[in-house]
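Just the one chain here, the form predicted alone, laid out as structure tokens.
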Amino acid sequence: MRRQYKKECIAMLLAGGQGSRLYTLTEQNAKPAVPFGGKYRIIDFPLSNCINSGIDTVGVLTQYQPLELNEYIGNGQPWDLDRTYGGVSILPPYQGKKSANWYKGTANAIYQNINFIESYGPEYVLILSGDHIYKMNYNAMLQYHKQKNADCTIAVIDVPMDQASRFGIMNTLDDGSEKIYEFEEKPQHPKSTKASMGIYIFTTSVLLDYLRRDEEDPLSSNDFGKNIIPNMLGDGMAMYAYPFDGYWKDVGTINSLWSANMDLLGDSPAFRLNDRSWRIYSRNYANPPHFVGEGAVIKNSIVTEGCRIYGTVENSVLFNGVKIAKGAVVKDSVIMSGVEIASGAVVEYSIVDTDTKIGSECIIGEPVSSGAGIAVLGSGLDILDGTVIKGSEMINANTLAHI
């Protein structure tokens, strides 16, 4: 054991998801490393929440395409997580003395890192997902967990009834206690609208006991939602819902990623990034200030460092180093780092991944009003002059060769 002194609570951040519903955006990248909001990555949000909440020890569990994510996190300095004792630790699957296993499920991923947890001797363990956009005070949730003398506390958000079947739903007692008596995984006929956010606080001794028991069950899926939570409820453990009423979005699909970026725009955005009381930190690279040329038009958009704008940009999010030539038009789109859009090109209702070049007179996507869906261009593509890509099309290096 390397324990020097105990940590009251440590966080375990599940960041190994493949993100298959983001298609070409995650072909070479783990979902938590996907860019968001002009200068961030998705994983910036739970990491920033941790340090803002006073949690300075975070294990990041990686698996799928971890290289860029590992490089991005580095020593944790941007989030003040470069600590001598604690800080951020990357926890990939590893080969033990007897065997080597990929993480088989969310519970198994935590189980394989029990030694990491025990090395800090925490009383509580916070388990997080790396693919949600939100700001949340985890310390307030921890105090709630302690006041309830809970074995497990699950953060929940109220969702519309017609969407409740997409989530794990918590059913709680009617006495106002928020005590959970039933959990339904994506029910066809939900009894409540309290959806699990995939944020859990466990009393450590209880968590480790259930992880070990789950690992011994050959029929288990080794998953918190499918196995650990139902088993604890079945045993009558003290489990409570923690209501959250702020902004929260799972950006695991193209539509949700686009809409979350659009939620940053406007005079009164649905999600504010300029909140000085709760900063979102990120690893930022040195870029010159953005430049807006004579005759350029920018409306209701985020334009990040290093951009050079000579054309028209409306209702869009531009990451660093984007170049928009004179006569080019970008509307209702998310344009990631290093993209170049030539003169006469029109990009509408699209997501364009990093370092892609769009030639002159190209037509990418269709207006939002057309109902055609979001066009997506992968990274590092060279779109030839005059190319037309319709709404809903997903273009990577393979599909581009057939256009």
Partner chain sequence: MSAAGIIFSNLHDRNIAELTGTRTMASIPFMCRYRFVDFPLSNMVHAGITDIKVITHYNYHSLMEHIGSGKDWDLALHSGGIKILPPYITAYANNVNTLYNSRMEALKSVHHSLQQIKQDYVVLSDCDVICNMDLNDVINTHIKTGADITLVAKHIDFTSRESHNGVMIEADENGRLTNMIIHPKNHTGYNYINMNVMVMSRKFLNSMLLEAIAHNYTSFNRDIIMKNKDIMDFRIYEYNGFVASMSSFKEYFSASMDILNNQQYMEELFNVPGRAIFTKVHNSAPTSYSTTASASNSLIADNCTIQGTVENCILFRGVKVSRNAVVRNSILFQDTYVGENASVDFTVADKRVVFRDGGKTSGTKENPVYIDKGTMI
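None of these values were measured; they are calculated from a predicted model. Residue numbers count along the first chain shown, from 1.
The discussion below concerns the form predicted together with its partner chain, not included here.
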Interface membership of His290, its partner chain in the predicted bound form, 4.5 Å heavy atom rule: yes
Partner contact for Asp267 in the predicted bound form: its partner chain, 4.5 angstroms, heavy atom: yes
Contact of His189 with its partner chain in the predicted bound form (heavy atom, 4.5 Å): no
Partner contact for Lys39 in the predicted bound form: its partner chain, 4.5 angstroms, heavy atom: yes
Sole residue of Asn113, Thr304, Asn139, Thr312 within 4.5 Å of its partner chain in the predicted bound form, by heavy atom: Thr304
Partner-contacting position among Thr106, Ser282, Asn227, Ser196 - heavy atom within 4.5 Å of its partner chain in the predicted bound form: Ser282
Region of this chain that lies against its partner chain in the predicted bound form, out of 157 to 165, 238 to 246, 267 to 275, 113 to 121 [heavy atom, 4.5 Å]: 267 to 275
